[in-house]
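Have a look below at one chain only, the form predicted alone, in structure tokens format.
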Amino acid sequence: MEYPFITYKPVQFGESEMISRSKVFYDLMDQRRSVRDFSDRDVPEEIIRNIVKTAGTAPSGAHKQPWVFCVIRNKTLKSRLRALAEEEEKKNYEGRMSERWIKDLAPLGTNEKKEFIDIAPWIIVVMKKSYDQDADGTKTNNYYVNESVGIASGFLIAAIHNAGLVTLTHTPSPMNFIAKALNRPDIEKPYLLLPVGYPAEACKVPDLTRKAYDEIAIYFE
């Protein structure tokens, strides 16, 4: 069986422009920070739509695109998610997490309180699908689901920062309460919760440094 192909038309630049663009993009992304203090300032839906569409361009195993992005603006639903998330996080901080884990989190200033779920104008919940179903209920396989959804989530975070907004990767564990609160089908499992919006006016972030290039890159020539 033959499948259709189309001619690929790459975006091309001269070498000097490639160097410049790669440096500009790095400088932009190097300013990205995880933010916990959000403004309630509104963000136009069109921006959120473009961000999510960008995430949907990510590569995936066998091009199955095993993701669903639940975009939440409803205040009542956000408050319910916050209450459920804080309930689980309280259990984590009071016994599920090791002392070492809590110690490692201390410099980030995080705790069981998740006000940002209420305050940020948008919440995006990334769902993963281990399989799909045809209209008749027949299961169809998805491949490299965690890897694929992880890449899409990276695209999503980069797109959020590129738009001039901020986010935070929140992974309350266990996360099954999210699927129930959103009334999603069993084939969808919560992967990541991302508040999206502007930083609060007096927002502060931890004074952190990233690993040096030589610590993250190894050349084989």
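Residue numbers run from 1 along the displayed sequence. Computed from a predicted structure; not experimentally measured.
There is also a form predicted together with 3-iodo-tyrosine; it is not shown, and the following applies to it.
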- Per contact check vs 3-iodo-tyrosine in the predicted complex (non-hydrogen atom within 4.5 angstroms), the hit among 97 to 105, 145 to 153, 76 to 84, 122 to 130 is 97 to 105
- Do E89 and 3-iodo-tyrosine come within 4.5 Å of each other in the predicted complex, heavy atoms counted? yes
- Message: T140 versus 3-iodo-tyrosine, in the predicted complex: is there a non-hydrogen atom within 4.5 Å?
- Response: no
- Task: Evaluate T57 for contact with 3-iodo-tyrosine in the predicted complex, applying a 4.5 angstroms cut-off between non-hydrogen atoms, and reply yes or no.
- Result: no
- Item | 4.5 Å heavy atom contact, N176 to 3-iodo-tyrosine in the predicted complex | no
- Across 104 to 125, which residues bring a heavy atom to within 4.5 Å of 3-iodo-tyrosine in the predicted complex? L105, L108, T110, N111, K114
